[in-house]
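Only one chain comes next, encoded as structure tokens, the form predicted on its own.
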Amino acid sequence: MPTAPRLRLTFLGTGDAAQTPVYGCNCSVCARARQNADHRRGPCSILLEMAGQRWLIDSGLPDLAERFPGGSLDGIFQTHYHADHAEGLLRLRWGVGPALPVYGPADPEGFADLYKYHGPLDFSRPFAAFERRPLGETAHITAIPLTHSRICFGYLIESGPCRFAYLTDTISLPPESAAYLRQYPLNLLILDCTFPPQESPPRNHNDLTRALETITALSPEKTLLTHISHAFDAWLETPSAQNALPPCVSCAQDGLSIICPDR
């Protein structure tokens, strides 16, 4: 029996809405990022590639038109329509050529006037909660409801024996989403961890305390943290952060590329 094509995922951005370096901030983390591009964190987004097809999860990168010329993307999966996750669509919608599917939650507010003036962007097939669809010929993607200030989905991607979940932006998980994901042992969890540990839960994004609770509940083989703020990066350099991350947990970096395991 032929093996399924390998799925590669690449982190195009791992930062929060402020990104790193933060405008006007001269902390050690932001100063380092200005000096060395390897420490920058752009708008949170990943690229999925498999069997000659390419999909984005989120479109907050403002230079999408330069990175992905017309016809080079098969579709975009939106987690939600906050600006730092959808800004790049504002230019794409003035393009020409074949339709570019944009899948995500059915959000009546959308982002700016994208729904009204959408050009080649096709918003006609929004996801429903826990809806599962084919992704190419051999993979599937499922919309997972998250806890955020507006309707937001994470995604469970299954490719052969490989399963990974991409869960940002969220503060913990809705009970039904946690129960659903516990049915599917995860090779990889990519999880929002915007803030260092806090005594009280943040409003819209995980701190490390809430992120570790989710990791414990889902028991993935490996976890990569994303949607990381400069405050969390700075905290990781303090003595109190020593050994704060379990061995199977680490921070993703912009440009990190992973090939999903095939067994």
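Model, not experiment: these values are computed from the prediction. One rule holds for the numbers: they count along the sequence shown, beginning at 1.
The form predicted in complex with another copy of the chain exists for this protein as well; it is not shown, and the discussion that follows is about that form.
- A heavy atom within 4.5 Å of another copy of the chain in the predicted bound form is found for one listed residue only; from 129, 83, 179, 106, this is 83.
- Put simply, residue 40 is close to another copy of the chain in the predicted bound form: some heavy atom of it is within 4.5 Å.
- Proximity of residue 244 to another copy of the chain in the predicted bound form: non-hydrogen atoms within 4.5 Å are absent; the residue sits far from the partner.
- Interface membership of residue 112, defined by any non-hydrogen atom within 4.5 Å of another copy of the chain in the predicted bound form, is confirmed.
- Contact between residue 51 and another copy of the chain in the predicted bound form is not found at the 4.5 Å heavy atom cutoff.
- Annotated contact segment (heavy atom within 4.5 Å of another copy of the chain in the predicted bound form): 69-77, selected among 69-77, 187-195, 136-144, 158-166.
- Within 4.5 angstroms of another copy of the chain in the predicted bound form, the stretch 88-123 places a non-hydrogen atom from each of 90, 91, 92, 93, 94, 95, 96, 111, 112, 113, taken in sequence order.
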